[in-house]
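Next comes just one chain, in structure tokens: the form predicted alone.
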Amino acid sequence: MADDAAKAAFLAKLKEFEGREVGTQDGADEVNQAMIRHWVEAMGDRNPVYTDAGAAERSVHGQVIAPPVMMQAWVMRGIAPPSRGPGNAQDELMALVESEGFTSVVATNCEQEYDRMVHLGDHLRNRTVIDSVSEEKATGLGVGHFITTRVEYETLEGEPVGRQMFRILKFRAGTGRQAASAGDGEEQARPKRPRPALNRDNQFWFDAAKEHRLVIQRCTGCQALRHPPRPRCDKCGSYEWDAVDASGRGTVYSFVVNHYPQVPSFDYPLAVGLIELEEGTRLVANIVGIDPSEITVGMPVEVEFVDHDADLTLPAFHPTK
């Protein structure tokens, strides 16, 4: 009972931060073509409305726009950001949760909404508010609290652009479900892989994976293929789509080999590849059946399906000759 009372008192302190403003931040630069070009090249997004002034003028936008998901990038604080000053609510909240041993952190999810497209020459500002702090939760990584911030974006003239909900987990290391049982030294069962965030736009893809089928979303208006799944075609604007079965063959477009930090539900070293399918779309998946030191860009690969548990099947790719 005493422990429950202490948790309740601590949660009450955390809840006092909900609704508190963290501060405002002006973007260092106006929205510009050079940064848009860097972004779309890195992402492999060939939509001409981002880089071709003529194509953009003929589009419904009438001018070059920035990719909507870049909204956050125009106001990021940089590697060595200026101090936000004493008494910052977010810094106070972090200090409080860390004082109770919740010193580890992981970002869990980010959601964005848009009011209008961002154009060349726009200069953005954001305003950050602590939206919510959860009660203590037991997760695979550890016991902790989810902290969600709400970030509103607008131009310096005050015109709304969009908003973002950003959530992190502050947790105690070594308290996850993978930890050994207290007192008996026996290792607990290996935790399941993290669950994907399912919604009505991507449910079909994971359902197909359970059937050991690799599918690609296709616009029924212009027949363009796209991945990851999304509600609208960025080529013709249609909201109508179906799915086609992929051959499962492709090449390694890029890859990384993760060694740390290690999550007990994965095996390490963990090779994660960006696979370019022969149909032209790309997806992120594990590369298996090869020593990570032997993986090369351009290596031909083929899909196989891994049943991680009764509810989760994912594609992985192994080398082919």
Partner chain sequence: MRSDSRVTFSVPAIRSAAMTQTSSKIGYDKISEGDEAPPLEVGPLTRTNFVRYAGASGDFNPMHHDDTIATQVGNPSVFGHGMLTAGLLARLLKDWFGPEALRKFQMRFSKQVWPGDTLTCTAKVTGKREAPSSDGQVEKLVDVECAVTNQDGTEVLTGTATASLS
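Numbering follows the first chain given and starts at 1. These figures come from a predicted structure and were not determined experimentally.
What comes next is about the form predicted in complex with its partner chain, which is not displayed.
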For this session: Name the stretch: of 250-258, 65-73, 24-32, 270-278, exactly one has residues whose heavy atoms fall within 4.5 Å of its partner chain in the model of the complex.
Result: 65-73
Exercise. Three residues, 95, 198 and 216; all within 4.5 Å of its partner chain in the model of the complex via heavy atoms?
Worked result: no
Exercise. Within 4.5 Å of its partner chain in the model of the complex, heavy atoms considered, which of 233, 169, 117, 129?
Worked result: 117
For this session: Only one of 113, 245, 240, 159 comes within 4.5 Å of its partner chain in the model of the complex by heavy atoms, so just point that one out.
Result: 113
Exercise. Using 4.5 Å between non-hydrogen atoms, is residue 106 touching its partner chain in the model of the complex?
Worked result: yes
Exercise. Is residue 43 close enough to touch its partner chain in the model of the complex, meaning at least one heavy atom pair within 4.5 Å?
Worked result: yes
Exercise. Just to confirm, residue 283 within 4.5 Å of its partner chain in the model of the complex by heavy atoms?
Worked result: no
Problem set entry | Partner contact for residue 263 in the model of the complex: its partner chain, 4.5 angstroms, heavy atom | yes
For this session: Within 4.5 Å of its partner chain in the model of the complex, which residues of 269-290 have a heavy atom? Give them in sequence order, or say none.
Result: none
